[in-house]
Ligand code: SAM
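The chain below stands alone and is given in structure tokens; this is the form predicted alone.
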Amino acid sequence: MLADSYGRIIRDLRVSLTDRCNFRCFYCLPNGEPPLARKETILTFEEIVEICEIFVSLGIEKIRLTGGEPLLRKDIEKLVAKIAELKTTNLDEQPKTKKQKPALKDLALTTNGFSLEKRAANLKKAGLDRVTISLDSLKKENFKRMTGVDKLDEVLAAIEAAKRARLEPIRINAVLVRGWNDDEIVGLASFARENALSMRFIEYMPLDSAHEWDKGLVVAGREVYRKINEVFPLKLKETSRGSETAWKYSFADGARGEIGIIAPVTEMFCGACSRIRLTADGQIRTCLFSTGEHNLRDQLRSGASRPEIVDFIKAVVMKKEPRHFINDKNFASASRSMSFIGG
């Protein structure tokens, strides 16, 4: 079991498969950035599987594949199938104890949805449990303004394809930015009701490649709740968020769908963080806003033994920050933008 120096148990691993993305969302990668050198730095599928297996042996229960846009990684279905094998729990070879080895419980993927319509069924067949799809606007022109591409129809088709493939529960992420899409809060909530989706409203964070984040554009989670609750009364699903990032609500009238509000800026939840991140080039990040990284790739490629790699991972986890420092006067931006870190 992985635990940091503050007693937090680490159960969630986010694995970025690529820094590349075919969208240009203004809050992430507005002008693009030079991609990482491919062959020299990007982890191979074999390396990713080996790393995931080690993390699972240490108690990781959830793995989420991210990017960039992970579906840009060629033959991702093959990688999904290999990681999905970690969900099989085998009995220890010692029959007296019948001790079960740790097993993966959940394999998810975050995508912009661009190519998901054609691939959803095969991803499910390969062993993917569920997907999260980004959808910041239901208005065609505003979607293009926010993402830099005219692909709203493709994203909506991706949601329907995910339903057919039963990649459920399907989560929809909307990053809210004042003056951009805060007028669509109720509309997006209505979309969740009509389509039985889990809608996640996320506060705008300082992770854009242009470094133009403005705290004045943050739409606070409490404001999101108030606006939705005034039209569609909400009911808190659980009194404790646990290690989850979202406060989750159902509709009081019994309508289908779910509302999740993720407020890292105005309602910090670092005290219960259970996540660790692996970048596409094999760097461990202990926090989304870390200003430093830890090179697991070179440990792996240098021929380090499994015990040495395990010790390296445990030592890194012990360095996990107590919290982020967004609201501090001397806040320093993360060492990479979101497209390089993985969500």
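Throughout, we count residues from 1 along the sequence that is shown. It should be emphasised that the depicted structure is a prediction, and the values quoted were computed from it without experimental measurement.
Separately, the form predicted in complex with this ligand exists; it is not shown, and the next lines address it.
- Proximity to this ligand in the model of the complex, taken as heavy atoms within 4.5 Å, picks out 197 to 205 from the listed stretches 247 to 255, 197 to 205, 220 to 228, 74 to 82.
- Among residues of the shown chain, residue 282 is not one whose heavy atoms approach this ligand to within 4.5 Å in the model of the complex.
- Using a 4.5 angstroms threshold between heavy atoms, residue 28 counts as touching this ligand in the model of the complex.
- Residue contact check for residue 286: none of its heavy atoms lie within 4.5 Å of this ligand in the model of the complex.
- Though the partner is left out of this view, residue 338 does reach within 4.5 Å of this ligand in the model of the complex, counting heavy atoms only.
- Every member of the trio 110, 134 and 175 reaches this ligand in the model of the complex with some non-hydrogen atom inside 4.5 Å.
- Residues 66, 67, 68, 69, 70 are the members of 52 to 75 with a non-hydrogen atom no more than 4.5 angstroms from this ligand in the model of the complex.
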